[in-house]
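There is one chain below, alone, in structure tokens, taken in the form predicted alone.
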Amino acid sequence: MTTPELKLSRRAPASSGLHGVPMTSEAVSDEAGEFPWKQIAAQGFGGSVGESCMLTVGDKVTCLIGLGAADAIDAQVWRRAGVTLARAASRVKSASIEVTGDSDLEAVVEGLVLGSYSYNDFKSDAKKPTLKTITIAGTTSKKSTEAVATGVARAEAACLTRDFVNEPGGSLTPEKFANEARKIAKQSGLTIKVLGLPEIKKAKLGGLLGVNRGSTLPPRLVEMSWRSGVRGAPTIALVGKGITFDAGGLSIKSTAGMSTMKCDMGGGGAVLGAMSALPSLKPRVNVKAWVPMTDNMLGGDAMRMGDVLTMRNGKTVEVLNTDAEGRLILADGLSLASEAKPDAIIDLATLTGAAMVSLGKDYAALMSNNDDFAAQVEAAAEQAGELVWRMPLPARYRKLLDSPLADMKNIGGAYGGSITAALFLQEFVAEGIPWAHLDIAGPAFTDSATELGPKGGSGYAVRTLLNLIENFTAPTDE
């Protein structure tokens, strides 16, 4: 991850390699400005959102950036404008973009950083990014400086999560993942505690220990905290699934199903990414985070179908599918989070293929036991331009998890898989604590480039989490 240097200026520098001009579709229709409209028309540029047109105006190479209809411009449109310029400027050393008084500067900056992202750590001929500086022309105010700093912090946090998700499972082991968390925690205001195998056994994290049995790599449990220093500040807890590679265990996945399973720590990666931005954003909220880390492999003592695990909160689970492992390690994480008695808990996980069957790959499935907290999550996601859809959490489906041998089993049958997985997790949230679950199996990893980033890790949910934290209020009782 390499972020170009961002500068503020009243005017675009004359020597800028590429000058970006955001333009509404109405402006294109009116042929506003001193542009060669025949050349523009020949390229088919109409000013729609995300559209661009390259042309030469005088001695400058100019990129017209579509904003769509003027009455429909929102933060996501400005974010995409930033992405569009960053992609257009990928082969030049410097670029500039015009902003006006009605621009969402923070969103533009997020787009510039997200659009500049590339992951080349394993390419032998990888070249360093060409784009070194981007000048934002039109303002130099203190408010603008703060907006730039905030946009950079939020987008770099998402890009850090992209790095985690893109790194192969044989490289990003639980030990290395935990060490990356330690690097994050060196920032002022963050504290960290990392549990190794002996401490995990002592803590009786039966889900994490059970999943780890098939691996030759010892597990880790990361606990990280941010203290706001604000008296009476509410506390929100984050829990992220940190399966660094998922082979499925004895319920082994197919080659196709396993090929992208380095992404199965996307929830844990999003939690660590969000935590990395807190010292810069300084939210007036206390944050505690737990990320259990292991891979899910097929070693000689791998977890077997029919095994019974005793989880951190004392509940027992009959394992009938070893590929339903994420919920087992999250159960321990949620139990630990509940013991801290926060004002609310949110967990994130690439948990079920059923969520993708229901909602496709662009949406995360949201389940919650509290309407107020669910609404806060939805608002945070909308602000980030990330798609979520709330799904039901019906108590009548809880019986699908009943086991004749233990308190419950870890799967609920062929139907409603994302719902029964959430109902399983709810068993490990202490009574009375507002809780939300985000199943990010679809949007955490993309098969092709999207409007905000390249193929691979998307950094999904990091900016949603940051919005949630910055605007968090203790949910009302239900």
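One rule holds for the numbers: they count along the sequence shown, beginning at 1. Quick caveat: nothing in here was measured; it's all calculated off a predicted structure.
Omitted here: the form predicted together with a small molecule. The next part is about that form.
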| task | Indicate whether E167 is a 4.5 Å heavy atom neighbour of the small molecule in the model of the complex. | result | no
| query | Is R220 one of the residues lying within 4.5 Å of the small molecule in the model of the complex, judged by heavy atom distances? | reply | no
| Looking at the partner-bound form in the model of the complex, is Q187 within 4.5 Å of the small molecule by any heavy atom? | no
| Given that the partner is absent here, does A441 sit within 4.5 Å of the small molecule in the model of the complex, heavy atoms only? | yes
| Contact stretch among 79-87, 99-107, 205-213, 354-362 - heavy atom within 4.5 Å of the small molecule in the model of the complex | 354-362
| field | Contact residue in the model of the complex, chosen from D246, D332, E386, D347 - any heavy atom within 4.5 Å of the small molecule | value | D246
| Pick from N120, N321, S171, N179: which residue has any heavy atom within 4.5 angstroms of the small molecule in the model of the complex? | N321
| field | Site test, K253, M261 and R327 vs the small molecule in the model of the complex, non-hydrogen atom cutoff 4.5 Å | value | yes
